[in-house]
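The chain below stands alone and is given in structure tokens; this is the form predicted on its own.
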């Protein structure tokens, strides 16, 4: 029995100009463009092995050791597109193995909590599409593959690149111009760091998909956001990255996060992804910036309560030194972290953070998907685990 295998890792990305709302739910086309920072895979990544064999009788996906549904329309759209491209290659070159008709075993593992507002679907679908594309030896660029990954999870298209990534919304009905592009590689601004305060690893109460459609349908603020706020923020953000202007980057990041969550609150009935711990993190960032006399930290929140705090390496002392004394008992701090800060947080903020943050993740800007020889499927076609 011949088993064909390919493995890839893919990163998480955290948007600094948020994607929220679909103009075409079937094709997963967004109402607005977005821009993200790809985070280091040393800290946050999905590892996926795609395998094909005559012995497989159905397509199977195992995620973190448990069977996962592959029958959804979005996943099927990705599989169909990838198989169609492989079939076209086989038609052109009859000597190629006939993989397009074979069933697939896909085994995937995250090194971070799934569905906790940590962009797990973005890394997951990016790894899914990249691993199958590599298995099929498709001559597709990351931007071409982003058109496929987008159909699985919108923000997944941005996880096909490292560094700083824009997802251009596009305006064509067929979605062929709705794709991701690299704005700048990680090496352009490698000093960018992120501290993630994991407030809850529980699954979200309102999924992003249903939440955003409620917002599109009912929020008046949302219409203003997509018409004026986001286009202006995209221009400012791209310029701030080009100039490596952290103060501007930070202001746009925080304003855009505020705008996004305001539209969620303006949804009818309202959606609240942030909680008291999230708001305490905002106040802590404001206090850090006030004490520094300039903007050295920026908060952003996706569709969940976790705070992602961006800062430059040179300001580690001010940022990490404020949170470490409060949260040193939770997991995730790296050994080099023992910073002291003179920033005094309000007692309510301190106690709220201390009681509400379950772990931290220290990371920074990183690279896009990487092919790897670490396999989650054996040469005999059986599922493996990296933790076994």
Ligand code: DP6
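Just so it is clear, the structure is predicted and the values come from calculations on it, not from any experiment. Residue numbers count along the first chain shown, from 1.
Another form, the form predicted together with this ligand, is not on view; read the next lines as being about it.
Asks: Take this ligand as it is posed in the model of the complex, superpose the C-alphas around its site onto the chain shown here, and state whether the site is open or blocked, counting it as blocked when 3 or more ligand atoms lie within 2.4 Å of a backbone or C-beta atom.
Replies: Judged by the transferred pose of this ligand in the model of the complex, this form is open (no ligand atom within 2.4 Å of backbone or C-beta).
Asks: Which residue among 278, 110, 208, 75 has a heavy atom within 4.5 angstroms of this ligand in the model of the complex?
Replies: By the 4.5 Å heavy-atom cutoff, the listed residue in contact is 208.
Asks: May I ask you to choose, among 229, 309, 303, 133, the residue with a heavy atom within 4.5 Å of this ligand in the model of the complex?
Replies: By the 4.5 Å criterion, the partner-contacting residue is 303.
Asks: Classify residue 23 as contacting or not contacting this ligand in the model of the complex by the rule of any non-hydrogen atom within 4.5 angstroms, answering yes or no.
Replies: No - in the model of the complex, heavy atoms of residue 23 and this ligand never come within 4.5 Å of each other.
Asks: I'd like to know if residue 192 sits close to this ligand in the model of the complex, meaning any non-hydrogen atom pair within 4.5 angstroms.
Replies: No, residue 192 sits far enough from this ligand in the model of the complex that none of its heavy atoms falls within 4.5 Å.
Asks: Tell me, yes or no, whether residue 222 is in contact with this ligand in the model of the complex, where a contact means a heavy atom of each within 4.5 Å.
Replies: No.
Asks: Give a yes or no for residue 154: in the model of the complex, does one of its heavy atoms lie within 4.5 Å of a heavy atom belonging to this ligand?
Replies: The answer is yes: residue 154 has a heavy atom within 4.5 Å of this ligand.
Asks: Please name which of the stretches 96-104, 169-177, 154-162, 184-192 has residues with heavy atoms lying within 4.5 Å of this ligand in the model of the complex.
Replies: Heavy atoms within 4.5 Å of this ligand in the model of the complex occur in 154-162.
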